[in-house]
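Here you'll find one protein chain in two forms, each presented separately as structure tokens under the names structure 1 and structure 2.
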Structure 1
Amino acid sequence: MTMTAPLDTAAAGTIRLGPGPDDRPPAHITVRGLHKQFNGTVIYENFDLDIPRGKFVSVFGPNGCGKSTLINLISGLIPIDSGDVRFDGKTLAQTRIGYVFQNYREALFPWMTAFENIVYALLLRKVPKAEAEEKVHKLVAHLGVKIDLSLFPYMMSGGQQQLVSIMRALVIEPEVLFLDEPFSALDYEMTLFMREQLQRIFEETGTTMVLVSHDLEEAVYLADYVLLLTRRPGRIASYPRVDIPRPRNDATLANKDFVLLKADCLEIFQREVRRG
């Protein structure tokens, strides 16, 4: 894997960022030799990445470094120029993928109600209608969501629409869940609620999750590993483990290890910003 070594206390004057690559669990997603360019601009070149099975990985880096592009390439939303992506050795077509888009307005079908949008993900997979509707009801009850799912998207707030998008991705019980800044449309109260719900779902299901975030505190708070990217062409600046017990809560934000790790990640981020 192309990456820098974890920071060393003596060398960097700070804590170690975390265990090195040999300390990570077996990979669920393997990316090898990834290459992608747009209009002559190289975004990724000979890029390698392992995403551990059953872990929560946050992707963070400077604006324009290719965070969203990376998960779009891995999930098949954007074709790669060259390289190979495998899920447990399987192809994308053989893998059940969930994806939550940042742009909720374009993600939902405006002619369907919220409930119909969610159940559609199951009907598309040939789940019988009655069974599909029951799965949606169970998910809504499990999350404790209090919104009217008979409404059409245009009748709902932005936060409610994004919440529907998240439920649609979860209802298929994905092997891997990709989330592209999923809370950016939510107000602060709803963001805190959905962070806790996402953390609870992760702990209960063990689903491999990959989150793109523009909020460093959020990235570290939710993750088992933080994938810190450089400016283009994208490389791995560091890939530290967040060795802080779950479930995490408000007290986590004041945890000494959390504060130090966030500071180290910020230092790497700022280094990359200055490099630009």
Structure 2
Amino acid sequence: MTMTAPLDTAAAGTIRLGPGPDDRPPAHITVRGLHKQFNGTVIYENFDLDIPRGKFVSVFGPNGCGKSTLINLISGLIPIDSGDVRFDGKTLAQTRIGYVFQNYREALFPWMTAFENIVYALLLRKVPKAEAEEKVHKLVAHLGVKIDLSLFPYMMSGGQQQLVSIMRALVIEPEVLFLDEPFSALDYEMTLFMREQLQRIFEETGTTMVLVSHDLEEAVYLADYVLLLTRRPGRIASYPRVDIPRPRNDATLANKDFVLLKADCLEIFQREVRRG
């Protein structure tokens, strides 16, 4: 990386007007002046970002550009060096968030059944046990989940485990749900199935969702907005709106707007990759 790289904003080909998408939807999460470095490597430097309320944002970018780091910083999993993150003006501590990890095997508690795993999220929020169990039953019914929740996680398929993870994150009715490559450890069939589940959950709950994906098709398919990041130090390369009606389905994949937008994103992505 050359000395001039951080200043070379115009070379990315986009001069962005603001920290949010160009059609300026109301922001839910605002990130201002974010700095983060790991052992001297700058990942984010004076980074601003708006995440719209009640929308589905997919984060996409070159390998190692800091996608996971971004949602980990916003969700407080790793500390920020400096900067400000607000949820509707509130701090993280005042906000209920959910997070779904890529590695479901290491995220669920294997000493609890799937049901107990989900209940636990509520118990931590001081919900009385009976009420918590009732809430889980309601969520199960609401989502139409048809898996045996009395099983321990290690007895379930990967997709089922990830579904339990998502339910554990959802049961507290989070204001924002973060998902870091939640389906990348699943086989293709399961991935397709889980995408539909997630889309349905999004439509039914209207929760603000931020998904990190390494699969551009998946990123665009699920998103209202695609947040394309540059190489390190991370900046917004583009933040296009995906103006395609929901629910999306197999036909969406052949939709002209979808195909064009995907091609656009791919071009920006490849320009970023070549820049490195």
Partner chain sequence: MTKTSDRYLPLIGVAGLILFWYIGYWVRIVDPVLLPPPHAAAKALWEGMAGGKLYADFAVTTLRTFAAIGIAAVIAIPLGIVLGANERLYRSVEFIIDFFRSTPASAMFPLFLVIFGVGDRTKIFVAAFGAALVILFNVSYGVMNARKTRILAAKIMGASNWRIMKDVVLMESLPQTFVGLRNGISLALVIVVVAEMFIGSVNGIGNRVFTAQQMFEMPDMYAAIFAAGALGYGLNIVFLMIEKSFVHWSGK
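What you see is a predicted model; the values in this text were computed from it and never measured. Residue positions are counted from 1 along structure 1's sequence. Throughout, rigid core stands for the largest set of C-alpha atoms superposing within 1.5 Å between the two forms.
Chemist: Of these two forms of the chain, identify the one that is the form predicted in complex with the partner chain.
Modeler: Structure 2, not 1.
Chemist: Tell me, please, whether between the two structures the C-alpha of G159 is shifted by 2 Å or more, with the rigid core used for superposition.
Modeler: Passes the 2 Å threshold, so yes.
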